[in-house]
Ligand SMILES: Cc1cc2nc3c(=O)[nH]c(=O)nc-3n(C[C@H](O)[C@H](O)[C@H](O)COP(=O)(O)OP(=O)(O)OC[C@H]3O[C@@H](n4cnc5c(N)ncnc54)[C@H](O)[C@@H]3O)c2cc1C
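Given as structure tokens, the chain that follows is alone and in the form predicted alone.
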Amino acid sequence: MAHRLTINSITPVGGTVFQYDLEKPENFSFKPGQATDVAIDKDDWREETRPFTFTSLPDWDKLQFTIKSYPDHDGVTKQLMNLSPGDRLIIDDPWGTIQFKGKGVFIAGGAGMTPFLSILRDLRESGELAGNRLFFANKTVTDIFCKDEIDGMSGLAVHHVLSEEDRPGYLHGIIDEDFLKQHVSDFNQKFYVCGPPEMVKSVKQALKSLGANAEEVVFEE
């Protein structure tokens, strides 16, 4: 079922990533980690749907998306950058397979962090963050979004990984088999993986090679 929802606020949260807070339809529900198809309620854009993850929590009185825009590509995310409060988005019913199934290691690449935002916020609210780890991969420091919030999640072990910068306090490189072997000691646990398709494929293969159980690796299908 399609919902036309007014944008109440747009907030930059790092790099070219923006947080969109929308009105929430009555009785609308979703689970942390789920996404929906989104379109811009303007001529020529209503049929251009893209999947975006809810970064709000189900019990909030608003819906929120945290979206990375690509200004060098004339697509939906560039158009989203040009919107203002009062404009509307069209969203559909929630879907998605990334849901929390127990403590483990979260591996996020760039915008792949968005489904984990809702999950980790939910764990923070319920006091269950302790024992979880996050590897958040980006090209540079300026690409990291919601950094203060993520770093401030008490109990969550946070590791920022930069591929194009080597800076004190940050891990450097890409998350591949050698990286995982160096930074993860136990592969008999749950892993949550989200990012660009090639990264997800590569990390899944690396985890399998290192002995992780395929049934314990959670990713978007």
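Quick note: we count residues from 1 along the sequence shown, nothing fancier. Note that the structure is predicted; figures quoted are calculated from it, not measured.
Omitted here: the form predicted in complex with the ligand. The next part is about that form.
- Heavy atoms of residue 66 reach within 4.5 Å of the ligand in the predicted bound form, making it an interface residue.
- Contact check for residue 60: every heavy atom lies farther than 4.5 Å from the ligand in the predicted bound form.
- Heavy atoms of residue 83 never reach within 4.5 Å of the ligand in the predicted bound form, leaving it off the interface.
- Mapping the unseen interface onto this chain, residue 131 falls outside it, with no heavy atom inside 4.5 Å of the ligand in the predicted bound form.
- Remark: of stretches 135 to 143, 122 to 130, 99 to 107, 74 to 82, the one touching the ligand in the predicted bound form is 74 to 82 (heavy atom within 4.5 Å).
- For the options 181, 50, 46, 172, the one in contact with the ligand in the predicted bound form, meaning a heavy atom within 4.5 Å, is 50.
- Applying a 4.5 Å heavy atom cutoff to the ligand in the predicted bound form picks out 111, 114 from 101 to 119, in order along the sequence.
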